[in-house]
Ligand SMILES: Cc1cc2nc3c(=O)[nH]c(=O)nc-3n(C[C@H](O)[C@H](O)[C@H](O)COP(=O)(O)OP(=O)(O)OC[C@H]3O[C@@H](n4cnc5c(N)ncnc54)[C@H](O)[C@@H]3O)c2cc1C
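Presented below, as structure tokens, is a lone chain in the form predicted on its own.
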Amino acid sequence: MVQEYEIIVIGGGPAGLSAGIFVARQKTSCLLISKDLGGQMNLIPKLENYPGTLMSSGPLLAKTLESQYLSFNGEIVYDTVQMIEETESGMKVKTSRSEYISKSIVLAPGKVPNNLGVENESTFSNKGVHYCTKCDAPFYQGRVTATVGVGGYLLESGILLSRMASKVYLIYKGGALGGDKEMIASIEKKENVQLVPQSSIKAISGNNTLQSIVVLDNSGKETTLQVDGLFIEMGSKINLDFVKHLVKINTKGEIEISEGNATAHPAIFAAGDATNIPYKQIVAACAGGATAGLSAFNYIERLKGKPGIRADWKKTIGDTIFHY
């Protein structure tokens, strides 16, 4: 028998968990489907820029958000969504193990950073190897770093690291840097940035943390560099194959959203890194998730002929509802 919910949230990162909290808090039946808990938050060993949180981590915040969601009787299934289809009874969500029906859907699948594919890469993840310069550059003040990537991702990484690290190796395959000319000019003026053109990373090594990388140039010459941190900025990928026939996707592969985090489909809302928001930060994802969750709730309320809500400032104690 196919299980039915009023709202299904797809994605267990900050956007999906926040959406789930604001849906389940309305005493609405809600199912959250995700491959894992936390998404890219699991790549953040130290979390410094989430308002109201000191000396936390991405995994700890994910667990906290999960606990909040479950406290409002929300449900979680760890599975992979394969397809969403429209039916007479609502939106059918097919996963690798089951099928579900809902009246509305919140999409928050997030994105996954592209990796180098080098041996030991995963071993040193968060132990010297990082995929978000904006997030982790502050931990390398006065230390030696390297960054490898493409286009604007690499340029931005190099500029951010140059402001904090004592030395930055900027590694790229081409003979010249590509991207914004002003950013390139800025990079070339940095005394602590060493350009390493026509090169790629062959190997990374260390003990408990990253200690060195082996760089291979186009002539076949290998050079070992002693570094404390390696930042990989190869862009990211967003998997939307399961829903691309129902929503509008822009040229960057992101879900187009409008006011209230609405998509092109009236029953589908979206939030987080998989959408066209300009700032891919946890706090922005949480805000978008809350908005998308409330919009989904209001959508099903309107189906029932009810007006919906504009705020969630209330507390029920016994038979009394206190608004604040």
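Don't overthink the numbering: it's just position in the shown sequence, from 1. Only a predicted model underlies this, so the values are computations on that prediction, with no experimental measurement involved.
Although not depicted, the form predicted in complex with the named molecule is the subject of the following passage.
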Open item on the list: At 4.5 Å by heavy atoms, is each residue in Ile10, Ile33 and Asp79 next to the named molecule in the model of the complex?
Closed with: yes
TODO: Indicate whether the named molecule has at least one heavy atom within 4.5 Å of a heavy atom of Phe72 in the model of the complex.
DONE: no
Task: Touches the named molecule in the model of the complex: Tyr100 (any heavy atom, 4.5 Å) - done: no
TODO: Using the partner position in the model of the complex, report whether Ile282 sits within 4.5 Å of the named molecule, counting heavy atoms only.
DONE: yes
Open item on the list: Residue-level question: is Gly288 within 4.5 Å of the named molecule in the model of the complex, judged on heavy atoms?
Closed with: no
TODO: Please determine, with the chain shown alone, which of 108-116, 202-210, 153-161, 140-148 has non-hydrogen atoms within 4.5 Å of the named molecule in the model of the complex.
DONE: 108-116
Task: in the model of the complex, the residue from Ile84, Val227, Cys135, Leu170 that sits within 4.5 Å of the named molecule by heavy atoms - done: Cys135
Task: Within 28-47, the residues that have a heavy atom no more than 4.5 Å from the named molecule in the model of the complex - done: Ile33, Ser34, Lys35, Asp36, Gly38, Gly39, Gln40, Met41, Leu43, Ile44, Leu47
